[in-house]
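Here you get one chain, nothing else, as structure tokens; it is the form predicted on its own.
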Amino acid sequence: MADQYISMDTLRYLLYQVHGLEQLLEKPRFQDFDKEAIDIYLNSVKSFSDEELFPYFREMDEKPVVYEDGKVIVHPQIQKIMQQSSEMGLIGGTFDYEQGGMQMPYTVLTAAYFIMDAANNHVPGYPGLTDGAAHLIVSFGEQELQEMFVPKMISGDWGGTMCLTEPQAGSSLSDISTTAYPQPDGRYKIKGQKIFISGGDTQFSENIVHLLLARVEGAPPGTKGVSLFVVPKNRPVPGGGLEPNDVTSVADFPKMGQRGYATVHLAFGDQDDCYGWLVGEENKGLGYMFQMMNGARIAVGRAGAAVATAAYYASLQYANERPQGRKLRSDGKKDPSEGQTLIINHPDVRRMLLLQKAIWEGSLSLVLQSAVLYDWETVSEGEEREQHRLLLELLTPVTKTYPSEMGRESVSNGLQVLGGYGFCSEFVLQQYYRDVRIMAIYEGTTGIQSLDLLGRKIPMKQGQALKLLAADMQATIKEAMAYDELKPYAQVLGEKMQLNQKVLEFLMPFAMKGDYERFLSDATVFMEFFGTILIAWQWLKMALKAKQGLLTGDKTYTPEFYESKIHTMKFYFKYEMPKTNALAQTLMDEEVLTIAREKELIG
């Protein structure tokens, strides 16, 4: 195991200097927080992660979740982590005071979970999904429902999940068949099955509160007939106490990565004794669930960035310790009489490490950008609030996807730094590689996120979100143009924004004439193209603040720290940005090769 798994300096730099967290703290909702309080809080989360998460990372992989005698058995450390997570405000910390929360900025909670994800990505889903499920009840459930479930969830005594996927439907939520039958007492009988339920059961939880999508008997077909229910594993009874609610753990799915995180197959109502409580109104469940789904998508992007971070520091440590080969002399030859050099001195190893650094820091910046937008939406009103909402809607699918897809690329490069040792179980890189692979599948695959980005978010409100984003990016470009060192990169970003416009001018006519299959056939290619440009924007912002720090003599960080940000920005623009030209060429190619035709040519 590496000694380091995260850079707290980079995390603080992004929070305060790049994304302006202190401006948020001036708002009345967050008036009880200041920079000092947040630093103390994040340091406490780091200490908690050092002591209770990181030491168990490999052990949870070697002793994974098992299903025995109808029970899901997780690592015993999970019980302690859930309790301490509650005590630290990691469950319910962003809730209002009157709801038992701390009114903590979502950005701070995101930073805290990032630390935990980097320490041990098998763990944060347990408290994180509990927090998300409780928030859904608070947002849309009646007061009685909130009082029945939320306090025990915030305390960590009860867990929480989101239950969407079914065996026959997969990601197609319009095809779910779990059914809710209205009862005279206002409850609903629930019958059906759900699969791939993260954190769906443990031997330690007194109760698991499932936020479940189902179709009320006789509801309209498709997503318009989907409702949301609270369906606990054990239901509260009058006078206190719990009784079984006919929710059965059928199996836990053994996985190639994240083996310490339960992924459960659940059956509801096999004995005709499962009851749920409606959240909000019938047939509006999918709209409610999107709150939790969007939060989960940002969380997956956060986890992808965090795994890439931990893998970077593991491979960096190895590169600084492993001697191999010799540096080339000026005549292009090596002197065998010289001692071996550390592999970090080899240019190709440095290239791989710089790519890792560019990906994880750029990804984290995008994640925090989205979290900050969420907070600004919370504290704003009117048109300003709508603008923040639109920007967040646009960035969410990219925030989920870029860290997931490129996080895998980053970890792969880290494994390559170790060479043959990277493929061996003795070294941790192989575990990071297995763990990060699920991120591109969780909470809507890359293909689904790409369809959402190009098919929904780009055209949303006649392209209003894209216009708002372009204005923000142009503001960064304008500011960077004032510095000779940054000016060439600002110009490149401006050119790529124009290229993005050219690509959309080619694609949008297909949608306008109703040829949506052609319009969306290369949506995943567009996601890669658009995401690469967005991360360039993040890097220009980081380099801009670093340049200003150097020129003003800001001693918050060392000159080397600031210089490393500028250097990595330059690396990203040299090695990653040229890829957008090839992607644009693919997107604007007239030839169509992936749409099914009458004659099958695959096989």
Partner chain sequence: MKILVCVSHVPDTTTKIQFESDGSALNKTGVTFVINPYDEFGLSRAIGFKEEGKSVNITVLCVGGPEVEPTLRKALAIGADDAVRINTQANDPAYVAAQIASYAEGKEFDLIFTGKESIDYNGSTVPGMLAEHLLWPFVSFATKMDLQDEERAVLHREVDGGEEVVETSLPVVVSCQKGIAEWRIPNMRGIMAARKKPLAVVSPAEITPYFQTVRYNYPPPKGECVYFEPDQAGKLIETLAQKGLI
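Since this is a predicted model, take the numbers as computed values, not measurements. Positions refer to the first chain, counted from 1.
Below: the form predicted together with its partner chain, not depicted.
J.: So if I measure heavy atom distances to its partner chain in the predicted bound form, which of the stretches 419-427, 343-351, 102-110, 518-526 falls within 4.5 Å?
T.: Single hit among the candidates: 102-110.
J.: Can you pick the one in 88, 379, 293, 145 that has a heavy atom within 4.5 Å of its partner chain in the predicted bound form?
T.: Of the listed residues, the single hit is 88.
J.: Its partner chain isn't shown here, but in the predicted bound form which of 537, 48, 57, 573 has a heavy atom within 4.5 Å of it?
T.: Result of the distance check: 48.
J.: Please run the contact check for residue 589 against its partner chain in the predicted bound form: heavy atoms, 4.5 angstroms, yes or no?
T.: Flag for residue 589 set to no.
J.: Would residue 552 sit within 4.5 Å of its partner chain in the predicted bound form, counting heavy atoms only?
T.: Judged by the heavy-atom cut-off of 4.5 Å, residue 552 is well away from its partner chain in the predicted bound form.
J.: Does at least one non-hydrogen atom of residue 66 fall within 4.5 angstroms of its partner chain in the predicted bound form?
T.: No, residue 66 stays farther than 4.5 Å from its partner chain in the predicted bound form.
J.: Classify residue 323 as contacting or not contacting its partner chain in the predicted bound form by the rule of any non-hydrogen atom within 4.5 angstroms, answering yes or no.
T.: Yes - in the predicted bound form, heavy atoms of residue 323 and its partner chain come within 4.5 Å of each other.
J.: From first to last in sequence, which residues of 214-238 have any non-hydrogen atom within 4.5 angstroms of its partner chain in the predicted bound form?
T.: Not one residue comes within 4.5 Å of the partner.
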